[in-house]
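We begin with a single chain expressed as structure tokens, specifically the form predicted alone.
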């Protein structure tokens, strides 16, 4: 029988850094965590008239941190997302004067005037699996697929450091990669006892690169299968799905984030297949795919992906992804029976 733990944070229990906070809950490896997350505005932006600069005191809250029993530096946490479901029938996005890929910022100084701060409210229909855009300057609407994901997943950094939840780096954080969706397993290297992972920043959908700096932000109900891989370090965040392995890099400039992700994928491929490093480099060069997560945060993110078919049957992390998926599926099936479905 799988151990199921539930944690629903009150508004005052949300956190804005990775590191610097005690755990809210201890979780045994192999458990399912049922929890909820807020959007990047902490629920304060509800209408198109709620300008974030006026209604938000802080941005990008996360739920947690959670202490995984037995986790020590040099281990890896595996987080399998069994459910990511919008908790609202609406989401919001925005433009900011000095934030995003196509505006002047402190790091990219221009003489152009800053962008207008503007909010869009989207309609979310979970029954139809759709997200609807409503233009602000016309009556135009566009219906798009609902693609729930979490923008922010991470662990406490090393060295007693506390990092803003707005920043992506080797500890994870604000990765903003659409690959963190239902059915994905995220691997994070442990830096402190217990790992202290936290998550949040739900997106009903997001384009690659998150160009304006903001996705369709909404609260989420989340179920995570948690496991611990002892004695195996993971230097940069990784993702595994049923069909792909993915390495994530975070840096500025963007090409350095690209290099980090490609380097990790090449070395991971070599380790999984037994290929010599330049042979693995060739495989990734010809079969790999790459895409930006965000090109707006203090550090940018890139991911490098490889189809598992290329790995000739190799099993990342000795099959943790498949095992956690089975645990999640069995629990969901059991819950359905208990509720008479």
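Rigid core (definition): largest C-alpha set, two forms, superposition within 1.5 Å. Positions refer to the first chain, counted from 1. Small disclaimer: the values here were computed from a predicted structure and weren't measured.
Only in words, not in the display: the form predicted together with another copy of the chain, which the text now covers.
With the partner omitted here, the residue from 277, 314, 69, 48 that has a non-hydrogen atom within 4.5 angstroms of another copy of the chain in the predicted complex is 277. In summary, among the residues 77, 245, 266, 224, the only one with a non-hydrogen atom within 4.5 Å of another copy of the chain in the predicted complex is 266. In the predicted complex, every residue of the candidate spot (17, 254 and 300) has a heavy atom lying within 4.5 Å of another copy of the chain. In the predicted complex, residue 54 stays away from another copy of the chain, with no heavy atom inside 4.5 Å. Under a 4.5 angstroms non-hydrogen atom cutoff, another copy of the chain in the predicted complex lacks residue 59 among its neighbouring residues. Residue 122 belongs to the set of residues with a heavy atom inside 4.5 Å of another copy of the chain in the predicted complex. A residue is said to contact a partner when one of its heavy atoms sits within 4.5 Å of a partner heavy atom; residue 34 fails this definition for another copy of the chain in the predicted complex, lying far away. Figure note: of the listed segments 194 to 202, 168 to 176, 226 to 234, 78 to 86, the one touching another copy of the chain in the predicted complex, with heavy atoms no more than 4.5 Å away, is 168 to 176. In the predicted complex, the residues of 85 to 117 lying within 4.5 Å of another copy of the chain by at least one heavy atom are, in order, 93, 94, 95, 100, 101, 102, 103, 104, 106, 107, 108, 109, 110, 111, 112, 113, 114, 115, 116. Superposition on the rigid core between this form and the one not shown places the CA atom of residue 253 less than 2 Å from its counterpart. For residue 127, the Cα coordinates differ by under 2 angstroms between this form and the one not shown after the core has been superposed. Remark: with the core as the superposition reference, the CA shift of residue 138 between this form and the one not shown stays below 2 Å.
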